[in-house]
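Quick heads-up: it's one chain on its own, the form predicted alone, in structure tokens.
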Amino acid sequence: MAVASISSNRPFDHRIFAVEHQRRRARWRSAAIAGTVTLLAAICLYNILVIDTDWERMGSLGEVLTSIGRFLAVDFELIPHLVEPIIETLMMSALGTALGAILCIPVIWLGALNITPSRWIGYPIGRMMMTLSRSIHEIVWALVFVSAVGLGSLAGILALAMRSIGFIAKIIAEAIENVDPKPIEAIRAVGGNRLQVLRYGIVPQVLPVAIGVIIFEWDINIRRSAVMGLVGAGGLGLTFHRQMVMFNYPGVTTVILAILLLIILGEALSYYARKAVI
């Protein structure tokens, strides 16, 4: 009986040993990953803080605090001149988002796998256009359009529109790919064509997502348009650039506060717009 009991416990002991061995390997693996990440972080910090930082030019702590102190003031005389740039920034964000939402319609049609006219040609083109739009920064788009149409808000609107296409099209295209197929099958069963399937089977399902994405993109474009003027595309960014060029540090702080208030306003407007529409 004792021999049988010992032999019956051996498989159990073997399983305990295997579990302990797996746990030990997992601990060593976690320690190795943590050590590698720590080493890479230390290398990055050394390259950034020690090698790439011009400590001599930075000066002493007192000089740094003095430089920061230049911005701790507000230019009240500049405030009346910020009304027009604020309105211009809001208009740029709204028009850029609206134009981007219109231009992304053919991109969505090509980039949604279940409605694309061609899986081998149209679908890759649509996805490539989404990636291209998202990959290029809005400042780069603004530089392109400033050189094409000149200085002013039009370049900023076009840059925001091009930047918005990728995000809006990608989210809506993926929502179209995940729609409930039952309404689509019912419309096809009664003889509906592709346009009717799109109009009555797909659009009602993705419309709340589309509206929410467009409002959210408009909220993001308020932030983008606030700095678009740094490259001559109008708005508060242009005023910010002028204050920096004139070394009017209180004016720079005033423009930053105006941008902050504009972003807070955009957050509130987008929140209530989503609540009202969706």
Partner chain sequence: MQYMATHRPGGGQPVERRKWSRFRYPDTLISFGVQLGVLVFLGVSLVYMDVRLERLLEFGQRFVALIADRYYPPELSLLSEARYLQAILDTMQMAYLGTLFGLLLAAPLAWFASFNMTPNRRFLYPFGRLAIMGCRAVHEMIWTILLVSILGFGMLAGALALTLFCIGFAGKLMSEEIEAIDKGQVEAIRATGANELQVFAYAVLPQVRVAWTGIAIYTWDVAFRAATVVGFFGAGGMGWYLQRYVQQLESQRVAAVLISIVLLVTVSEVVSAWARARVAQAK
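Rigid core (definition): largest C-alpha set, two forms, superposition within 1.5 Å. Positions refer to the first chain, counted from 1. This structure is a prediction, so every number in the text was calculated from the model and none was measured.
One more form of this protein should be noted, the form predicted together with its partner chain, which is absent from this view; the next part is about it.
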Report task. Could you tell me which of 117-125, 73-81, 143-151, 190-198 sits within 4.5 Å of its partner chain in the model of the complex, going by non-hydrogen atoms? Result -> 143-151
Query raised in the report: in the model of the complex, which of the listed residues (M129, L95, V179, I184) lies with a heavy atom within 4.5 Å of its partner chain?
Result: L95
Query raised in the report: Does each of H137, I259 and I263 have at least one heavy atom within 4.5 Å of its partner chain in the model of the complex?
Result: yes
**Report entry** is_contact(V252, its partner chain) in the model of the complex, heavy atom dist at most 4.5 Å
**Finding:** yes
Report task. Evaluate R223 for contact with its partner chain in the model of the complex, applying a 4.5 angstroms cut-off between non-hydrogen atoms, and reply yes or no. Result -> yes
Query raised in the report: Can you check whether A101 is within 4.5 Å of its partner chain in the model of the complex, heavy atom basis?
Result: no
Requested in this report: Could you confirm whether A169 comes within 4.5 Å of its partner chain in the model of the complex, counting heavy atoms only?
Outcome: no
**Report entry** Core-aligned CA displacement of Y46 at least 2 Å between the shown form and the other one
**Finding:** yes
Query raised in the report: Rigid core fitted, then: does M246 show a CA shift of 2 angstroms or greater between the shown form and the other one?
Result: no
Query raised in the report: Any chance the CA of G35 moves 2 angstroms or more between the shown form and the other one, core superposed?
Result: yes
